[in-house]
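One chain is shown next in C-alpha cells, namely the form predicted on its own.
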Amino acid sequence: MNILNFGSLNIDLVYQVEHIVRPGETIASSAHQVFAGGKGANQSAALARAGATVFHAGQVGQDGQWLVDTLAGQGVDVQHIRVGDVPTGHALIQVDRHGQNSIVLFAGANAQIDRGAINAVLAHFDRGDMLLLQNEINDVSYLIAAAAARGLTVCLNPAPFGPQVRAYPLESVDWLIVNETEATGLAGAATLAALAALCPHAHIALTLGAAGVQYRSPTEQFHLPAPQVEAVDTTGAGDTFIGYFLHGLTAGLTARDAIARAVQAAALCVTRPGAMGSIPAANEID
C-alpha cells in the first residue's frame, strides 16, 4: 500500500525557556535552534523511518527547498511537492524546562495549494492506497471528499484543531487519530464514544500523552499504556506515533500491535529535542 501524505512543511524556530511566556511578559531564551518541521513533514519522516513507502505532497516557498531536500534524505518521495513564490510556513515554538511546548503557526505556502494541484497529485493514486491529512494546509475538506471518491483509505489527524474541522465530511474518514484537545474540540468530550458518534464507521485512536492510547473500531476497543520516560521535548511525539502506527497497519500488524510499537517510538521521541530530528529509526524500536 502506498501512503500519500498531503500536508504541511514548516521551518521550526525553537526557543528554550524557563516557562511558557505569559501575556504581557518578556523573558529570555537560553537557546535557539532551527529545525525542519510541520505536522505533515514530521509524519512523512516518521512513516519513512518506520519503514513505510510514503509520498509527500504540499508546497513551500523559495526559502523552503532545504525542507524538501531534508525529507528526501529521510527516504520520502518528494516529487509532488511544489516550490512557489509565497514564503514557506513557519512555527515559533517555546519549550519549557519540563519539555512542554507552546506553538505559534504561520501557514505561508501551506495555505496556497490549489485544487488543480490536488487533482493532479491524486491522479497518481488509486483504490488500496491511503491518504493522510492533518489540518495545516487549505482545502482539507475537498481532499477528503476527492480521495474518498477515488476509493482511497482516508486517515485524518485534525491537528491543530480549528472549528472548520466540524464541517469536514467526517463520514468519509476511515481512520481518525486525535489527542485529548482535538477530541474535545471536535466531539465536545475526549471520549471514544463521543468521537464514534461523529465517525461511526471509523477506526479511532485517541492519544493521551503519558497515559497511553485508547482505540476503538467497529469490532473492538482497548487501552494501551505508554512507557514512562523523562520528557525533554514533547514536540513531534504525536507525529511519531502516527507514522509508526500507520506503518504498522500497512505492514499487516493488528491495531493493538501497531499501537504498542507506535507508543514505544513516541516515548523515545520525547527524550530528545526537536521535532523531525527526534523521530527514532525503526532499528531503535525493534
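This one's a predicted model, so the numbers in the text were calculated from it and none came from an experiment. Residue numbers run from 1 along the displayed sequence.
Only in words, not in the display: the form predicted in complex with alpha-D-ribofuranose, which the text now covers.
Student: Ok, 117, 190, 204, 105: which has a heavy atom sitting within 4.5 Å of alpha-D-ribofuranose in the model of the complex?
Tutor: Spelling it out, the residue with a heavy atom inside the cut-off is 105.
Student: Identify, from the list 132, 137, 93, 178, the residue with a heavy atom within 4.5 Å of alpha-D-ribofuranose in the model of the complex.
Tutor: After the contact test, the surviving option is 93.
Student: Which among 243-251, 214-222, 32-40, 65-73 is in contact with alpha-D-ribofuranose in the model of the complex, heavy atoms within 4.5 angstroms?
Tutor: Of the stretches listed, the one contacting the partner is 32-40.
Student: Considering only heavy atoms, tell me if residue 59 and alpha-D-ribofuranose come within 4.5 Å of each other in the model of the complex.
Tutor: Flag for residue 59 set to no.
Student: Verify the contact flag for residue 262: yes if a non-hydrogen atom of it lies within 4.5 Å of a non-hydrogen atom of alpha-D-ribofuranose in the model of the complex, no if not.
Tutor: Answer no; every heavy atom of residue 262 is more than 4.5 Å from alpha-D-ribofuranose in the model of the complex.
Student: May I ask you to check whether residue 266 falls inside a 4.5 Å heavy atom distance of alpha-D-ribofuranose in the model of the complex?
Tutor: Result no; residue 266 lies far from alpha-D-ribofuranose in the model of the complex.
Student: Could you list the residues in 1-17 that come within 4.5 Å of alpha-D-ribofuranose in the model of the complex, counting only heavy atoms and keeping sequence order?
Tutor: Contacting residues: 10, 12.
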